[in-house]
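Before any questions on binding or motion, here is one chain by itself as structure tokens, the form predicted on its own.
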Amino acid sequence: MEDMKLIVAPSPHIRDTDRTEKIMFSVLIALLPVLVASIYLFRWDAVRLVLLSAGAAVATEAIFQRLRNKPITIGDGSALVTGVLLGLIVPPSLPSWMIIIGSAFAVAIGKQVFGGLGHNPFNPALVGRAFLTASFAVAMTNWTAPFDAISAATPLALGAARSNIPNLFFGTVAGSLGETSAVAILIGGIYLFYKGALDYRIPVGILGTVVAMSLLTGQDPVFHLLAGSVLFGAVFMATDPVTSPITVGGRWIFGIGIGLIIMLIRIWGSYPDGVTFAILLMNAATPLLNRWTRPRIYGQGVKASE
């Protein structure tokens, strides 16, 4: 009896085997098909940008944690995932120094200033992309075709009538490194769903809303699903567990809201692809969605019978 220890801790007492390292490792594995496709399509530019972005993200996290006298947790993989994601959502021709600055900004301003992992309200990789778009608009809209690196227009700029659906599916079109190959993104998404790291409600909400809005406005739904960064955003960005709602109802509203904003920007806005801004705007609404859709505690609000 003397060796027995009583551990007193607040509820809940349910333990789970999922840890940050396990989830991040699953995301990295899911990104492998996308990374392989980007290297095949855009050659060494893909290797250059992803490696520089990942290295800058990990280094920035370590530096900020050291400056804040916090334990250095780069081994959990979260900074690495942020860097890889940002490297995959920029044009192949982006200069090396720009991706380093963007990646450092993503971790420093998008994550560390809020207190680190779990406290950031916005997806850090998208914060980095928004910063790069606002700061280096010309470089962030300089697209090149796969294989030959010749300047070319993206499918969203060309329109549905001048785009080829098989090319969109396999990725042989101009665009960001990891957003052109729909088949690679779908393979990664299926893996994440199999591993339980992806809740289907958010992607289904986004893609379903894009299809519905396309049909209501006379657009081609397949084109809008495959063109731009809708698929990549729905699978890898919007499903970030830190910046998305934790409730079932909140996730449905979150996904539908993202899809709605994307189509509003695409159809009536002047910006060709609104995925980044749609997700960031709904990230800001996540605390409210969690509050409004919070399940009622058993017995709460029930009046005792007289």
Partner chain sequence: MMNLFVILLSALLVNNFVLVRFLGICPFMGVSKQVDSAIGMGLATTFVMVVASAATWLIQWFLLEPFGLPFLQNMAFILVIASMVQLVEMFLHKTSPGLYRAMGIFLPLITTNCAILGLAIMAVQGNYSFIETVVFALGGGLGFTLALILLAGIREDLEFADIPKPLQGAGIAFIIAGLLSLAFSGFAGLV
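Worth saying up front: this structure is predicted, and the values here are computed from it rather than measured. Residue numbers count along the first chain shown, from 1.
Just so it is clear, the following notes concern the form predicted together with the partner chain, a form of the same protein that is not shown.
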Checklist entry - Which among 270-278, 28-36, 248-256, 50-58 is in contact with the partner chain in the model of the complex, heavy atoms within 4.5 angstroms? => result 270-278
Checklist entry - Just one of G196, G115, G75, P95 has a heavy atom within 4.5 angstroms of the partner chain in the model of the complex, so which one? => result G115
Next on the checklist: Considering non-hydrogen atoms and a 4.5 Å limit, which listed residue (L207, V81, L156, A130) is close to the partner chain in the model of the complex?
Outcome noted: A130
Checklist entry - With the cut-off set at 4.5 Å between non-hydrogen atoms, does P295 touch the partner chain in the model of the complex? => result no
Item to check | Partner contact for L264 in the model of the complex: the partner chain, 4.5 angstroms, heavy atom | outcome: yes
Checklist entry - Any of the heavy atoms of H119 lying within 4.5 Å of the partner chain in the model of the complex? => result yes
Item to check | Interface membership of A134, the partner chain in the model of the complex, 4.5 Å heavy atom rule | outcome: yes
